[in-house]
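Below sits a lone chain in C-alpha coordinates, taken as the form predicted on its own.
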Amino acid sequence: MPDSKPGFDKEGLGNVLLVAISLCLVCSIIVSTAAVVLKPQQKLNQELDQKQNILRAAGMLAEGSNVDAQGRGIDELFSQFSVRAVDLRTGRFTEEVDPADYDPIRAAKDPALSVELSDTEDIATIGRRENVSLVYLRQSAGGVDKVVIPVRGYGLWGTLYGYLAIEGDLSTVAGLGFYSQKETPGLGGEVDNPAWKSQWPGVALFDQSGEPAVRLVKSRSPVGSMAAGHEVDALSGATLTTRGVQNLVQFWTGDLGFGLFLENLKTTT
(Lines give C-alpha, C1' and ligand atoms only; values in the text may rest on other atoms or scores of the structure.)
Protein backbone atom coordinates (compact mmCIF):
# COMPACT_ATOMS: atom_id res chain seq x y z
CA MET A 1 0.00 0.00 0.00
CA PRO A 2 1.48 3.38 -0.92
CA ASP A 3 2.34 5.78 1.89
CA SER A 4 -0.42 8.36 2.21
CA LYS A 5 1.86 10.83 4.03
CA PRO A 6 2.68 13.71 1.72
CA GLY A 7 6.35 14.14 0.88
CA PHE A 8 8.44 17.30 1.20
CA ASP A 9 8.25 19.26 -2.04
CA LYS A 10 11.34 21.47 -2.19
CA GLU A 11 9.97 23.23 -5.25
CA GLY A 12 6.58 23.84 -3.72
CA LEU A 13 5.21 27.34 -3.31
CA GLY A 14 5.43 27.24 0.48
CA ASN A 15 9.08 26.23 0.46
CA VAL A 16 9.98 28.85 -2.16
CA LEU A 17 8.29 31.55 -0.07
CA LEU A 18 10.07 30.36 3.08
CA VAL A 19 13.48 30.53 1.41
CA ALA A 20 12.73 33.96 -0.07
CA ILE A 21 11.55 35.37 3.26
CA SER A 22 14.54 33.91 5.08
CA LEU A 23 16.94 35.37 2.52
CA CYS A 24 15.30 38.81 2.77
CA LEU A 25 15.51 38.67 6.56
CA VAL A 26 19.20 37.77 6.51
CA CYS A 27 19.95 40.53 3.98
CA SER A 28 17.99 43.07 6.04
CA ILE A 29 19.97 42.17 9.15
CA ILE A 30 23.27 42.50 7.26
CA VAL A 31 22.31 45.88 5.75
CA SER A 32 20.98 47.23 9.07
CA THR A 33 24.09 46.09 10.91
CA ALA A 34 26.36 47.66 8.30
CA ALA A 35 24.42 50.94 8.48
CA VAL A 36 24.79 51.08 12.27
CA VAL A 37 28.47 50.14 12.20
CA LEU A 38 29.33 52.58 9.40
CA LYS A 39 27.21 55.51 10.63
CA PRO A 40 29.94 57.09 12.80
CA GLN A 41 32.42 56.93 9.92
CA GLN A 42 29.85 58.35 7.50
CA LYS A 43 29.25 61.27 9.85
CA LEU A 44 32.98 61.91 10.13
CA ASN A 45 33.29 61.87 6.32
CA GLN A 46 30.39 64.33 5.98
CA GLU A 47 31.95 66.67 8.53
CA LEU A 48 35.33 66.45 6.78
CA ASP A 49 33.72 67.24 3.43
CA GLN A 50 31.90 70.21 4.92
CA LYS A 51 35.11 71.59 6.44
CA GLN A 52 36.89 71.12 3.12
CA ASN A 53 34.23 73.07 1.23
CA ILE A 54 34.27 75.92 3.73
CA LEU A 55 38.06 76.16 3.57
CA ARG A 56 38.04 76.18 -0.24
CA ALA A 57 35.41 78.91 -0.36
CA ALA A 58 37.56 80.93 2.04
CA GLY A 59 40.62 80.49 -0.22
CA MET A 60 42.50 78.53 2.44
CA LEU A 61 42.64 75.24 0.54
CA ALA A 62 43.42 74.76 -3.15
CA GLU A 63 41.16 72.75 -5.44
CA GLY A 64 42.01 69.05 -5.36
CA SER A 65 44.29 69.36 -2.34
CA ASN A 66 43.82 68.26 1.26
CA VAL A 67 46.67 70.35 2.66
CA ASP A 68 47.72 73.96 2.26
CA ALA A 69 51.11 75.27 1.12
CA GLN A 70 52.50 74.84 4.65
CA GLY A 71 51.34 71.23 4.80
CA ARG A 72 48.50 71.90 7.26
CA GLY A 73 45.57 69.51 6.93
CA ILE A 74 41.84 70.14 6.89
CA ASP A 75 41.24 69.73 10.63
CA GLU A 76 44.17 71.98 11.55
CA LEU A 77 43.04 74.69 9.15
CA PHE A 78 39.41 74.49 10.19
CA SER A 79 40.38 74.83 13.87
CA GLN A 80 40.93 78.51 13.06
CA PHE A 81 37.16 78.90 12.68
CA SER A 82 34.49 79.12 15.33
CA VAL A 83 30.94 78.03 14.48
CA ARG A 84 28.12 80.23 15.78
CA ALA A 85 24.36 80.16 15.48
CA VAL A 86 22.67 83.30 14.20
CA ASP A 87 19.02 84.30 14.48
CA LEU A 88 18.29 85.61 10.99
CA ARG A 89 15.26 87.51 12.28
CA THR A 90 17.42 89.76 14.45
CA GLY A 91 20.87 89.34 12.96
CA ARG A 92 22.24 88.44 16.40
CA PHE A 93 24.10 85.46 17.76
CA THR A 94 21.85 83.03 19.60
CA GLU A 95 22.24 80.14 22.02
CA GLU A 96 18.88 78.74 20.91
CA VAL A 97 20.51 75.81 19.14
CA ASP A 98 23.70 73.80 19.46
CA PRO A 99 25.78 74.36 16.29
CA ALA A 100 27.34 70.91 16.68
CA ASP A 101 24.14 69.07 15.81
CA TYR A 102 21.98 71.71 14.14
CA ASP A 103 20.99 71.45 10.47
CA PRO A 104 19.64 74.73 9.00
CA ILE A 105 18.35 73.05 5.84
CA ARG A 106 16.34 70.55 7.86
CA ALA A 107 15.04 73.38 10.05
CA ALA A 108 13.85 75.22 6.94
CA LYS A 109 11.43 72.35 6.27
CA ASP A 110 9.82 72.68 9.70
CA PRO A 111 7.11 75.39 9.89
CA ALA A 112 7.86 75.84 13.59
CA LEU A 113 11.52 76.62 12.88
CA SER A 114 11.21 78.60 9.65
CA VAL A 115 9.23 81.21 7.77
CA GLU A 116 7.43 80.90 4.47
CA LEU A 117 8.64 83.42 1.89
CA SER A 118 6.35 85.35 -0.41
CA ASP A 119 6.98 85.34 -4.17
CA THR A 120 8.45 88.82 -3.89
CA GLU A 121 10.78 87.86 -1.06
CA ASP A 122 11.81 84.48 -2.43
CA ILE A 123 14.22 85.54 -5.17
CA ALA A 124 16.37 82.45 -4.46
CA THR A 125 13.34 80.13 -4.83
CA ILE A 126 13.87 78.24 -1.57
CA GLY A 127 10.26 78.29 -0.35
CA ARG A 128 11.03 78.60 3.34
CA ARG A 129 13.92 80.18 5.23
CA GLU A 130 15.12 78.84 8.57
CA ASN A 131 14.89 81.20 11.55
CA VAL A 132 18.33 80.22 12.79
CA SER A 133 21.36 79.46 10.64
CA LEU A 134 25.10 78.98 11.16
CA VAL A 135 28.13 81.14 10.40
CA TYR A 136 31.82 80.25 10.40
CA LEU A 137 34.11 82.94 11.80
CA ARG A 138 37.85 83.18 11.50
CA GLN A 139 39.28 85.63 14.00
CA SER A 140 42.56 87.51 13.87
CA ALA A 141 44.32 89.83 16.28
CA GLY A 142 42.48 92.75 14.71
CA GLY A 143 39.04 91.12 14.85
CA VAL A 144 37.13 89.12 12.27
CA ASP A 145 39.32 87.98 9.39
CA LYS A 146 36.73 86.00 7.41
CA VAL A 147 33.07 85.07 7.65
CA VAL A 148 31.67 82.09 5.75
CA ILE A 149 27.91 81.77 5.32
CA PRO A 150 25.91 78.89 3.85
CA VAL A 151 23.96 79.80 0.70
CA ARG A 152 21.46 78.00 -1.50
CA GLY A 153 19.10 78.79 -4.33
CA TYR A 154 17.46 77.29 -7.39
CA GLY A 155 19.28 77.15 -10.71
CA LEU A 156 17.96 75.40 -13.81
CA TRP A 157 17.52 71.79 -12.64
CA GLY A 158 17.65 72.02 -8.89
CA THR A 159 18.92 73.79 -5.82
CA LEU A 160 22.57 74.81 -5.62
CA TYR A 161 24.12 74.46 -2.15
CA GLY A 162 27.35 76.19 -1.24
CA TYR A 163 29.31 78.63 0.88
CA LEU A 164 30.04 82.33 0.40
CA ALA A 165 33.20 83.56 2.12
CA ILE A 166 33.40 87.24 3.04
CA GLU A 167 36.50 89.22 3.95
CA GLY A 168 36.99 90.90 7.32
CA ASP A 169 35.55 94.16 6.00
CA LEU A 170 32.24 92.26 5.80
CA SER A 171 31.60 93.77 2.37
CA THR A 172 33.98 91.99 -0.01
CA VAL A 173 33.78 88.46 -1.39
CA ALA A 174 36.64 86.16 -0.42
CA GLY A 175 35.29 83.25 -2.46
CA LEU A 176 32.25 81.24 -3.52
CA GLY A 177 31.92 77.49 -3.93
CA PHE A 178 29.13 74.96 -4.37
CA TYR A 179 29.23 71.49 -2.88
CA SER A 180 26.00 70.25 -4.48
CA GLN A 181 24.45 71.22 -7.80
CA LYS A 182 22.51 69.58 -10.65
CA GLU A 183 23.28 72.00 -13.45
CA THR A 184 24.08 70.99 -17.03
CA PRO A 185 27.74 69.94 -17.50
CA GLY A 186 29.62 72.42 -19.66
CA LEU A 187 26.94 75.11 -19.14
CA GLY A 188 25.48 75.76 -15.70
CA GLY A 189 27.84 73.12 -14.35
CA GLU A 190 30.63 75.65 -14.89
CA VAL A 191 29.85 76.95 -11.40
CA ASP A 192 32.47 74.35 -10.41
CA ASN A 193 35.06 75.64 -12.87
CA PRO A 194 38.06 77.03 -10.94
CA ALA A 195 38.56 79.72 -13.62
CA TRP A 196 35.03 81.04 -13.09
CA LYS A 197 35.27 80.83 -9.30
CA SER A 198 38.54 82.78 -9.40
CA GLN A 199 36.57 85.87 -10.48
CA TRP A 200 34.75 86.14 -7.16
CA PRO A 201 37.46 87.22 -4.70
CA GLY A 202 37.41 91.01 -4.40
CA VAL A 203 33.85 91.51 -5.66
CA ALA A 204 31.95 94.17 -3.67
CA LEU A 205 28.76 92.79 -2.17
CA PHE A 206 26.90 96.04 -1.48
CA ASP A 207 26.24 99.35 -3.20
CA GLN A 208 26.59 102.75 -1.52
CA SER A 209 23.20 102.42 0.13
CA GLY A 210 24.10 99.04 1.60
CA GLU A 211 21.89 97.00 -0.70
CA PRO A 212 23.11 93.71 -2.26
CA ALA A 213 24.64 94.64 -5.59
CA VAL A 214 26.41 91.60 -7.08
CA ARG A 215 25.62 91.17 -10.78
CA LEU A 216 26.47 88.40 -13.22
CA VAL A 217 26.76 90.06 -16.60
CA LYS A 218 27.49 89.14 -20.21
CA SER A 219 29.44 92.36 -20.81
CA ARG A 220 31.55 93.93 -18.09
CA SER A 221 31.39 97.62 -17.23
CA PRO A 222 34.52 99.72 -17.88
CA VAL A 223 37.43 98.86 -15.61
CA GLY A 224 37.54 101.25 -12.68
CA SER A 225 33.85 102.11 -12.82
CA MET A 226 31.71 101.69 -9.72
CA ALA A 227 29.56 99.04 -11.41
CA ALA A 228 32.59 96.92 -12.38
CA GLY A 229 33.37 96.26 -8.72
CA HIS A 230 30.11 94.32 -8.33
CA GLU A 231 30.34 92.25 -11.50
CA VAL A 232 31.20 88.63 -12.34
CA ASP A 233 31.01 87.03 -15.79
CA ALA A 234 27.73 85.28 -16.56
CA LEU A 235 27.90 81.57 -17.33
CA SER A 236 27.88 81.23 -21.10
CA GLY A 237 24.74 79.53 -22.41
CA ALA A 238 23.30 79.11 -18.91
CA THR A 239 20.91 82.01 -18.37
CA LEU A 240 18.81 80.38 -15.65
CA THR A 241 21.80 79.11 -13.68
CA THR A 242 23.41 82.54 -13.95
CA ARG A 243 20.24 84.20 -12.69
CA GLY A 244 19.99 81.63 -9.90
CA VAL A 245 23.53 82.31 -8.65
CA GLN A 246 22.99 86.07 -8.72
CA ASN A 247 19.69 85.73 -6.88
CA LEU A 248 21.00 83.41 -4.19
CA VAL A 249 23.96 85.68 -3.44
CA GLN A 250 21.67 88.70 -3.25
CA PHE A 251 19.14 86.87 -1.06
CA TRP A 252 21.61 85.56 1.51
CA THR A 253 23.43 88.89 1.78
CA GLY A 254 20.13 90.76 2.05
CA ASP A 255 17.95 91.48 5.08
CA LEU A 256 16.11 88.14 4.86
CA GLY A 257 19.44 86.33 4.84
CA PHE A 258 22.60 87.38 6.69
CA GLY A 259 22.40 91.08 5.84
CA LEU A 260 21.29 92.16 9.33
CA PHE A 261 23.94 89.95 10.90
CA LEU A 262 26.72 91.47 8.77
CA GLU A 263 25.56 94.99 9.66
CA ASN A 264 25.47 94.15 13.37
CA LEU A 265 28.88 92.51 13.18
CA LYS A 266 30.36 95.66 11.64
CA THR A 267 29.40 97.64 14.75
CA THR A 268 30.99 95.15 17.12
CA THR A 269 34.34 94.59 15.39
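The first residue of the shown sequence is 1; numbering continues from there. Since we're looking at a predicted model, the values are computed, not measured.
Absent from the display: the form predicted in complex with a small molecule. The rest refers to it.
Interface residue among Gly64, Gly224, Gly202, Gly237 relative to the small molecule in the model of the complex, by the heavy atom within 4.5 Å criterion: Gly237. Checked against the small molecule in the model of the complex, the residues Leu160, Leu88, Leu156, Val135 give one hit for a heavy atom within 4.5 Å, which is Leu156. None of the heavy atoms of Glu167 is located within 4.5 Å of the small molecule in the model of the complex. In the model of the complex, at least one heavy atom of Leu187 sits within 4.5 Å of a heavy atom of the small molecule.
The small molecule in the model of the complex is approached by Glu183, whose closest heavy atom lies within 4.5 angstroms of it. Shown alone, this chain has one stretch from 239-247, 52-60, 206-214, 24-32 that lies within 4.5 Å of the small molecule in the model of the complex by heavy atoms: 239-247.
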